[in-house]
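Just the one chain here, laid out as structure tokens, in the form predicted on its own.
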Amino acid sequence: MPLTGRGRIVGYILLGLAVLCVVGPFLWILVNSLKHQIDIFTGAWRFTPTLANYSEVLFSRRSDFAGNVLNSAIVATASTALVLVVGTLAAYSLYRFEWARWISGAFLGWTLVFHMIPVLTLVGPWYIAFRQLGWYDTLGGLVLAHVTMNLPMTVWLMMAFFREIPPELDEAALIDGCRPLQVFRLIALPLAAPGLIAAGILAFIFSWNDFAIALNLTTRDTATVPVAIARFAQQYEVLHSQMAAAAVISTLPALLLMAFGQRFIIQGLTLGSVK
């Protein structure tokens, strides 16, 4: 049903408010990152833009932010790679192989329940376990925690993509002499490439933005970007301008990935809703 002129105006107003709610906070942080600290304190609207905050965050000897960015990149990349390997193989196995219905149902049900559990309830057990195993304050331990956190989402998302691949393609490949692993690698995996991209982008962003797990399982040398940003709020002083600059820098990887893979993410999240 087409909108009338008044309905269209109301729709545009609501859309504009929604965009303002999403973009407004980021623009506010961006503007503050270009201000001196005194301009933020006085609430000045007219100010001389400066890049000193970015220089202080990235190149100052007092700042470890460049190392924190490297830590986040290593953790997010490694955890995403492991999640894609394990989650894709698990999803393909559950959908294509003849597992008993109760086994596949129990596994998928458990992953769904685990994904619904608040992360903070898992941080305490992980902290104790990693201390005992010697993995506390290591990037490897943080990678393992992020893999555990993002694996259920990846399994469910990849199953949706594999479900859209006709099983006749696998059967034809097997008749032609392909082995099951070759069918997965040469037939199923290329057809599910959009799902891999969507799952990989989401897993990377969730790992990059994680704060609660990284705060409890890392210290200064292994801290990631969200933890480093929080540390600009010191005991007797809050470095608002530098915190804003660090926040802007931290959003760049997520913005670039979302710009690249937006259509794949939308396809993955809406797959199966419309036939």
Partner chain sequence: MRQSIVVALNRTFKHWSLLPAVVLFVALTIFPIANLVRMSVSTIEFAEGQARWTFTPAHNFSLLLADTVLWPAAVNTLVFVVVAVAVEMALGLGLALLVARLGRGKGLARTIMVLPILVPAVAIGSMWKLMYNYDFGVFNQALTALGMAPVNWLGSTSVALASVILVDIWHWVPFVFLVLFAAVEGVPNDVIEAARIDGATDAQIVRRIMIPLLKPALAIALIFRSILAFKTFDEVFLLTSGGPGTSTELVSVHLYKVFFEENQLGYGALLSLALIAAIVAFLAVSRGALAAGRSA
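Positions refer to the first chain, counted from 1. In this text, the rigid core denotes the largest set of C-alpha atoms whose superposition between the two forms falls within 1.5 Å. In this text the structure is predicted, and so the values were computed from the model without any measurement.
One more form of this protein exists, namely the form predicted in complex with its partner chain; it is left out here, but the text below deals with it.
Checklist entry - Does residue 59 reach its partner chain in the predicted bound form, with heavy atoms at most 4.5 Å apart? => result Residue-level check for residue 59: no, no contact with its partner chain.
Next on the checklist: Even though the partner isn't displayed, in the predicted bound form is residue 42 close enough to its partner chain, meaning a heavy atom within 4.5 Å?
Outcome noted: Within the cut-off, so yes.
Next on the checklist: Please tell me whether any heavy atom belonging to residue 118 falls inside 4.5 Å of a heavy atom of its partner chain, as the geometry stands in the predicted bound form.
Outcome noted: Output for residue 118 is yes: heavy atoms within 4.5 Å of its partner chain.
Checklist entry - Would residue 76 count as a contact of its partner chain in the predicted bound form, using a 4.5 angstroms cut-off between non-hydrogen atoms? => result Output for residue 76 is no: heavy atoms all beyond 4.5 Å of its partner chain.
Item to check | in the predicted bound form, residues of 87-106 near its partner chain [heavy atom within 4.5 Å] | outcome: The stretch 87-106, when checked against its partner chain in the predicted bound form, contributes 89, 90, 92, 93, 94, 97, 98, 99 at the 4.5 Å heavy-atom cut-off.
Checklist entry - Core-aligned, does residue 220 move its Cα 2 Å or more between the shown form and the other one? => result Result for residue 220: no, shift under 2 Å.
Item to check | Large Cα shift (2 Å or above) at residue 44 between the shown form and the other one, core-fitted | outcome: Residue 44 C-alpha, core-superposed: shift of 2 Å or more.
Checklist entry - Once you line up the core, how about residue 68: does its CA shift reach 2 Å between the shown form and the other one? => result For residue 68, whose C-alpha is compared between the shown form and the other one after core superposition, the shift is less than 2 Å.
Next on the checklist: Given that the shift is 3 Å or more, do the Cα atoms of residue 157 and residue 257 end up closer or farther apart in the predicted bound form than in this form?
Outcome noted: Those two alpha carbons end up farther apart in the predicted bound form.
Checklist entry - Given that the distance between the C-alpha atoms of residue 157 and residue 253 changes by 3 Å or more in the predicted bound form, do they end up closer or farther than here? => result Between the C-alphas of residue 253 and residue 157, the gap widens in the predicted bound form (3 Å or more compared with this form).
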